[in-house]
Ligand code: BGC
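Shown below, as structure tokens, is a lone chain in the form predicted alone; questions about how it binds or moves come after it.
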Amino acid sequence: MKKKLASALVALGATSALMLSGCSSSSDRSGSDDASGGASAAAGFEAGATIGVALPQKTSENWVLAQNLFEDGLTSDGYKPIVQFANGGVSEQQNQIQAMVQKGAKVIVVGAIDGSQLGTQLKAAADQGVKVIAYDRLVKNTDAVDIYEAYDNFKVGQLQGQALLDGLKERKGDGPYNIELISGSPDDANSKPFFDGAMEVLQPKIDDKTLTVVSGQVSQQETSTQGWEAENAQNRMDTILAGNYKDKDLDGILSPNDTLARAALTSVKQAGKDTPVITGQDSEVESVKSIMAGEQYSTIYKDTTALVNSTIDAVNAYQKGEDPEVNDTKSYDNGVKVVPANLLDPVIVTKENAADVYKDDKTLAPLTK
């Protein structure tokens, strides 16, 4: 498959002023295995078919980059792509999926706003023989999804939790440490694996008193950030600092993505506190700058190009009547079925390894010089 990056990278640069939000994978995890052919293919379909790509709100650099990569990659492979954002919310995405089916789409790639509210539309698509690929976010409570293409975001959470511990040791010396927790939007299925992965690492240290969550807010519900909105995270952190840290230091913050990390850092600065160790995700331009400046401690690199290319490979397999490659057939139970998944590996990034991780990224590599 020919990879066309130029227009996508231009679009990425043009989105630096956007309010950014987290992205990523979800589900209860019970183990994984390597497999191929976990999604049963149909007889294939004609070359040059229409392919629908239903994306969520245009709230992050990675989503905008994905739009351009899907348009370029699908066109290069001979398809007629329909790539749309649902900036108006769930109902708009529902209508867009219905329209894609009516226009004869043979595959629909879904980056869901709320993966639990698309069952009716996706069943109608499946009834027409349309293949459904859940992209980046698991689609819930329906059997009308054939494969899940994503990064392993339970692993993302594990990497974030370990990065917080490593950063505390590096920057704050020996513990114990005072920390606070931030999790993502409760209506995004990605929020749970981020939080659960991180807490698998952090909970033992909370139990043995190495870490103290001074606010006492330790559940996903208590720490959630509706809509991944920076303002919501900053307001919550303002309240926590005012009520719990007048005479205490805040040593670290678990943040699930870069947008919320920057919001939390703004709150800390306004409170006159020292910069805490804080995690992130998405390798947003402003956060990479912050990492290189010694402020934000870490982020996660999930190469959007690789994920889009993997998803288009799955489209190509369906076109040929073949089963796409999968490597996990046990972990992603959406409430109705275990969805076969093809998971890519995320990479933790700190100031120490940023130049190496981003060396092939034309946008981020110059920031590490």
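Treat the numbers as computed from the prediction; the structure is a model and nothing was measured. Start at 1 with the first residue shown and count on from there.
Note that the form predicted in complex with the named molecule isn't included here; everything after this is about it.
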**Complete:** Counting only non-hydrogen atoms, the one stretch of 241-249, 188-196, 164-172, 76-84 within 4.5 angstroms of the named molecule in the predicted complex is 188-196
**Request:** Answer with yes or no whether Asn257 is in contact with the named molecule in the predicted complex, where contact means some heavy atom within 4.5 Å.
**Result:** yes
**Message:** How about Thr279 - does it come within 4.5 Å of the named molecule in the predicted complex, if we only consider non-hydrogen atoms?
**Reply:** no
**Asked** Might Lys140 be said to contact the named molecule in the predicted complex, defining contact as any heavy atom within 4.5 Å?
**Response** no
**Item:** Touches the named molecule in the predicted complex: Thr311 (any heavy atom, 4.5 Å)
**Value:** no
**Ser60, Trp63 and Trp228 each touching the named molecule in the predicted complex (heavy atom, 4.5 Å)** = yes
**Asked** What are the residues of 289-323, in order along the chain, with a heavy atom within 4.5 Å of the named molecule in the predicted complex?
**Response** Lys302
